[in-house]
Ligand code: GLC
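What follows is one chain in structure tokens, specifically the form predicted alone.
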């Protein structure tokens, strides 16, 4: 793949802007809505500065709660009302089929840019032949582990969930006996929201229990392997994971991890750069690996994530908004996200970029994690995905909270999903 130097990146990005902005235009203030985790708000200001300087426009970020469930609910309210005061939406990879009617078709505008991205990601944002959002970074979670503690106790990186359970308990017990009273074996995202769907899909899939709803639309979640996966996880709560993990989202898990109080963590790539920050208690003490397998299965699973940018068709500043979207999906912005925030690029050429490899050596290695990515069933369930996911995470949360067995809750879930499906998805 072709490697471009910094000047070439800037030229490509500005070229995209110029191709959209033809002739003199009045300066616009673009309102950009996005969830915010870590240093997202501060990082965004520096990210858009070159675009602001090149165009004379400004961007105001409207931060949303970190919960993707809360974000989606608010987006739907704004879009259903035809709100014109939000110009650009940062969208989850699974939202395209549900929000497509509210976004500008970027197919023709991005015809030169789109082929530079991973084809599967562009496909995920194409609905009924219309490209409704452009990717800005992709995501797949990994197992974060304290390499210093594994070395101290002579333990390998666990390849199975069963091995992780044993290793986490042994190190947790030993460190607590040595005075580290706040240490936990494993932290993850157990709150009842979309993040739990991601975690639980990984457990179920890695145990050989399917993908909740299969690509052909078959409801597959009610099976023994899926129940075994959830029963295994239920055993973590209050032992290697705190009781409070059932209220954790990404930032709560990262908070425990980054203060040095966990042996293992499941989280997205953004936590890697923050974990190696100067204010982190685990700087230089950790590494990442693909998530484990379970139940005798030999296949790992990492939920495919990622974020995209879409222009509201209700915006009164569409020309400037489209220019911003092209910039954010382009090489300069994606490179800065990769270097500063360890976000995984969607532009294939950036995986060969020496500056990214030097600043975030984990990014080229994350390909191994990305190859294990499994999509949530948003494609087969179409506009009903949100209901499906909510029913799934609720059943999982009930199980982990001790309200009914995994087998009972999955049987009920199958009935509920069948009712949601009706004659077809």
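Here the structure is a predicted model, which is why all the values come from computation and not from measurement. Residue numbers count along the first chain shown, from 1.
One more form of this protein exists, namely the form predicted in complex with the ligand; it is left out here, but the text below deals with it.
Between 232-240, 187-195, 256-264, 102-110, the stretch whose residues reach within 4.5 angstroms of the ligand in the model of the complex through a non-hydrogen atom is 187-195.
Just one of 202, 353, 250, 87 comes within 4.5 Å of the ligand in the model of the complex, counting any heavy atom, and that one is 250. Out of the listed residues 57, 399, 378, 68, 68 is the one that sits within 4.5 Å of the ligand in the model of the complex by at least one heavy atom. Using a 4.5 Å cutoff between non-hydrogen atoms, residue 94 counts as a contact of the ligand in the model of the complex. Under a 4.5 angstroms non-hydrogen atom cutoff, the ligand in the model of the complex lacks residue 75 among its neighbouring residues. In the model of the complex, the ligand sits beyond 4.5 Å of every heavy atom of residue 272. The ligand is not shown here, and in the model of the complex it never comes within 4.5 Å of any heavy atom of residue 294.
Residue 139 is the sole member of 133-154 found to place a heavy atom within 4.5 Å of the ligand in the model of the complex.
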